[in-house]
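Shown below, as structure tokens, is a lone chain in the form predicted on its own; questions about how it binds or moves come after it.
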């Protein structure tokens, strides 16, 4: 063991860990041991992990240390610990996607490309993380694996469907994590758990080896406790992969080299109308704080936003229902009932309605794009409310008593519907639940969004605070 106090090791972020391991101040094995000890000690409070790959993690860490001793380059993310939502394939393990119906599925032969990319960069995978069954939900209240508890208040939801990943990062169980975002499944838990989250442009990161939900909407994303760490993970995940037909043939645009810079003449607009009418006062205050920090004063109203959300629901239900039709007919009793009924309804969706949703998607994309000739970044709340109590089914909003599970993604669905990149900037005040603001950009502008988040972090607006639930 080194002279570093190992109780502090798990608190290190992505860049800090990589620098310490590469310089020899820490070994990757020490980092992995500290993370595994912290998971064993704390995860019974949070239920972030559904599988711990402890022996494999230590073996991978020792391999990194051997490379360093030989004088080889261990990778830019050497020793960085991460977790993967349980729909990313890990070689030799069964990818359950949070579902009992997949318990007997064959183990994956290879790692998902996102997992493989981070491993090639020197990262250490700790295990699989909890999620809504088949990624169909915004709460991570799973009938089979249990609810993930928010590290800022264990009586509350972590958000979903990548709730285990966001909560694990917030609780310091891993330095970073990867998840998926179809309708808001990275952005909602990032906001609820008070961490940075990235949903990149549709087609930017490979989805190969990721169990699908809605192929035409699914994105791979990531979580971290700082904007710089988010940039490092994003850079580590990039690369062309012909096995994912959604990937565009574009050059990789690294975010990390410019992460400390800020666009001097950043043009920022505030999404109003639909994006404000159902938000709680606290959410609107957070949005105002970010807008003021970025000098944003002009409000933008996008056309037909509610229709865009409805169309996203149609595509989600129809594609999801079609994907699961055989299992729904064979073993409907094995599904989480909250997911099963929605999938059955989707399987019966008229084809004409799906075609109309796809046509409208093209129209909405064309209607939104001109706004990015005027603005570099558009601001919107990540969620209409803060994390609600576990088990609470509904919440009173401007539109009446509505489902928490369905409406936590009220402000995220219209954005991912047309594949725009988004960074969630967390705002966490002492004694209050975390909130998040979406920084939305034109396609392929992830680096600019991360620089904007870094600017907010530097100015003390975007904040990640240690959860009070971590106290002994």
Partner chain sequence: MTPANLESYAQQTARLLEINLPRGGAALVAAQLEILFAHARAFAEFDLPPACEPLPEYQP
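Residue numbers count along the first chain shown, from 1. Everything numeric here is computed off the predicted structure, so don't read it as measured data.
FYI, the form predicted in complex with the partner chain isn't displayed, but the following is about it.
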Partner absent here, but in the predicted bound form, which of 302-310, 288-296, 140-148, 69-77 has residues with a heavy atom within 4.5 Å of the partner chain? 302-310
Proximity to the partner chain in the predicted bound form, single hit among 374, 393, 359, 396 (heavy atom within 4.5 Å): 359
Within 4.5 Å, heavy atoms only, which of 212, 273, 239, 332 is in contact with the partner chain in the predicted bound form? 332
Test of understanding: in the predicted bound form, would residue 385 fall inside 4.5 Å of the partner chain by heavy atoms? no
Flag residue 350 as yes or no: does it have a non-hydrogen atom within 4.5 angstroms of any non-hydrogen atom of the partner chain in the predicted bound form? yes
Can you work out whether residue 60 and the partner chain are in contact in the predicted bound form, taking contact to mean some heavy atom pair no more than 4.5 Å apart? no
Given that the partner is absent here, does residue 122 sit within 4.5 Å of the partner chain in the predicted bound form, heavy atoms only? no
What residues in 431-459 sit within 4.5 Å of the partner chain in the predicted bound form, counting heavy atoms only? 443, 444
